[in-house]
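Let's start with one chain on its own, the form predicted alone, as structure tokens.
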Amino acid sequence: MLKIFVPKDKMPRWIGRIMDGARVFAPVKEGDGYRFRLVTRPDKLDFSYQNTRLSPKELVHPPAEAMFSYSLKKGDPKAGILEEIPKALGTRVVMGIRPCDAKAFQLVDVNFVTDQYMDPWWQRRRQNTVLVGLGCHEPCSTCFCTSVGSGPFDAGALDVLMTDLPEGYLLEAVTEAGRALLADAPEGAPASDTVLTEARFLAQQAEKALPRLFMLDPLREKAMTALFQEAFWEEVQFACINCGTCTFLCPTCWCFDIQDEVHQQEGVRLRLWDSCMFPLFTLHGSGHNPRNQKLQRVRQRFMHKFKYYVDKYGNGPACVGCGRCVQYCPVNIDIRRVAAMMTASCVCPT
């Protein structure tokens, strides 16, 4: 594995070279939080953040995306014909993404790229994006990545793993795309044993700061219907106000709606994020709603994360432990506590 060390005062020069051939997205401070944005000046990158409020999922699956346009003009030979709206799908580098958010892309891949169906925009963006991850040596108190099969320095979904050290950054190539990126980094030098030892120590300390809060293995064994009918769902749903904050912040939620907006004789077909927390999400054209009760919607969210996804794909759960939903839920519903309740119900009393 190619491992180089780049001093902090030389990082802007290297990033500037990357900008010559690709669009670079990185965390940018907005108000009292951070968000991944397109950056045009390498000295504007800020790696001092803990995590962004909104996940970088929006870089691949935008909250609102204009897919097609069409005309309704009488006499127009193209009237009623959908024309794809051009999109920026070229090469780009995401700098400073956390390992948990990178893993989320892998988990969502199974929805947008399948043997039967393929989302061309998701696929193109994923193929054209290099992920330079920033190891998380000071996890938030709400983080629990180690409980869902990941870790603060998990490189499994990254192209490059970056460790922030006092004097510079250790950059470790994980994939061929990562090696190609680091090969063009004359500002760096081969990482010394001292640097590697220091980075390992930081990773170990971060791992120790995140004890495993629950074990998910029992969920694989319990019958879906039995977990579905557990009495604790009544307690879990009690405080929920179905605001959808958890799903809009979640890096692994992929639900969307498609709507047409028409102004005079021009129309646009949009894809918009949607949420299983909303009553209208499952409303049928007939008027029937199979999840018209709050309990049903709350249960759906947690069952999908920790049971349905696990059973269907075998590589779950559909949660990376970023803790955003814990941090920003207005009524303090804690997914860690719910997951612990679900797993505890699978353990037979002795």
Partner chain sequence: MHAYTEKIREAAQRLLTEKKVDAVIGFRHGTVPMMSEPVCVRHADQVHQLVWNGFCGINLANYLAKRKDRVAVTAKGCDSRNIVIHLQENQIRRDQVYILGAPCHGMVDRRKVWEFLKGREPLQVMENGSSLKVSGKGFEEVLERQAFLQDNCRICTHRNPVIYDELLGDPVPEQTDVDRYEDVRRVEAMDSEGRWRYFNDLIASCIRCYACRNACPLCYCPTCFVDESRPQWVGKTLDPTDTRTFHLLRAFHVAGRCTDCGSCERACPMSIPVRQFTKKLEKDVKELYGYEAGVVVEGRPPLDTYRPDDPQDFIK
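Positions refer to the first chain, counted from 1. Remember, it's a predicted structure, so these values are computed and weren't measured experimentally.
Not pictured, yet referred to below: the form predicted together with its partner chain.
- Only one of the listed residues (Trp254, Trp233, Phe278, Trp122) places a non-hydrogen atom within 4.5 angstroms of its partner chain in the predicted complex, and that residue is Phe278.
- Among Leu295, Ala64, Val28, Met67, the residue placing a heavy atom within 4.5 Å of its partner chain in the predicted complex is Ala64.
- Stretch-level contact check against its partner chain in the predicted complex with heavy atoms at 4.5 Å: of 312-320, 298-306, 51-59, 38-46, the positive one is 51-59.
- Taken together, the three residues Trp14, Leu107 and Ala189 all stay farther than 4.5 Å from its partner chain in the predicted complex, as judged by their closest heavy atom.
- For Val24, no non-hydrogen atom is located within 4.5 Å of its partner chain in the predicted complex, even though that partner is not displayed.
- A residue is said to contact a partner when one of its heavy atoms sits within 4.5 Å of a partner heavy atom; Phe214 fails this definition for its partner chain in the predicted complex, lying far away.
- Its partner chain in the predicted complex is not approached by Lys10, whose heavy atoms all lie more than 4.5 angstroms from it.
- Under a 4.5 angstroms non-hydrogen atom cutoff, its partner chain in the predicted complex has Thr142 among its neighbouring residues.
- In sequence order, Gln327, Tyr328, Cys329, Pro330, Val331, Asn332, Ile333, Asp334, Arg336, Arg337 are the residues of 327-342 having a heavy atom within 4.5 Å of its partner chain in the predicted complex; the partner itself is omitted from this view.
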